[in-house]
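Quick heads-up: it's one chain on its own, the form predicted on its own, in structure tokens.
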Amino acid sequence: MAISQPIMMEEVTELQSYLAVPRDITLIAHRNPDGDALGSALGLRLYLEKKGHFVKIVMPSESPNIFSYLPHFYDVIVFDLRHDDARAALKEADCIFCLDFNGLDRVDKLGATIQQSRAVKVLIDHHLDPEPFVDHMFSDTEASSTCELVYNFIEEMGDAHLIDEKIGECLFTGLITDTGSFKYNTRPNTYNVAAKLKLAGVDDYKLNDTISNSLKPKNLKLLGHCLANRMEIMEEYGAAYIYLTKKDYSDFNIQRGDTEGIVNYMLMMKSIKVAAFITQQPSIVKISLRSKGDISVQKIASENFNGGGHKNASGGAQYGSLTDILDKFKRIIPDYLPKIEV
């Protein structure tokens, strides 16, 4: 049954009863996991293991090495690398927690395995319009991150005292990454959770330094290339975009996570309200969107690029040539942003 905020105590009681005995539990998050996906899964794993459960984590694809400081990072079963093990972990589970995604398409080929499973399914997520494929749903679209909701979940289960420094470090990672170091998507509860995690022993300065100041020379060279050679500004609409070609990926040896955060640089310009980062992949073109204020890039992504996400941070993808997708982005922007009178 679905649970919306605020969480109903009878639903919590039902899960408390179910989890009162050891279970085989598998946690799964979305393809191309970010800090929130990883932090929520690894933090929840540590909590559930403290409760005596046997826990595995499955991810559809590999994670950026920047998050390798997180406990059990290298224990994650990656479907792209271990197809059979990933499917087995889901098929053999008594309970499956689905974290940081709102629909089975976000886990690609593993969606069918989850749908066919007889396991008790629990979703903890903050994206818009969650699909009803689970038995229990902890969904709050106002939350900063899934990590914030995982903290709330543990607290509602009566186990806030079990959150130690390691669990806190995992959950604080999601708070940092999904809010851009507390620059957007925050609410009062976000800071309450952050305060409680600091009290649990989290060194937020060290964590921020680890996440934000670990770039390699090639990352800075790539950023320079993007800003100098691949950025286009649509001044009359307050929009900008950066694009990368397949050749750029080869020339700069771009790996998973190397382009993280580049889209945000365009929003540093006062006049820019919408920013897009458009990349040519082997078989598809991906687009990452960010916005300021009341402008919904979630609407742009869902209506034009088979995507979605949050009001101010969304993404999508589409088959076609890079040139066609760039032309499409430039063509649709006037539908969403009023022309600026100079």
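All residue numbers are counted from 1 along the displayed sequence. This is a predicted model, so every value here is computed, not measured.
The form predicted together with a small molecule exists for this protein as well; it is not shown, and the discussion that follows is about that form.
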item	value
Interface residue in the predicted bound form among K56, H53, K292, K286, criterion: non-hydrogen atom within 4.5 angstroms of the small molecule	K286
Contact flag, I66 vs the small molecule in the predicted bound form, heavy atom cut 4.5 Å	no
Partner contact for S296 in the predicted bound form: the small molecule, 4.5 angstroms, heavy atom	no
Non-hydrogen atom contact N306 with the small molecule in the predicted bound form at 4.5 angstroms	yes
4.5 angstroms heavy atom contact with the small molecule in the predicted bound form for K273	no
Candidate site R106, H127 and G316: all three near the small molecule in the predicted bound form by heavy atom within 4.5 Å	yes
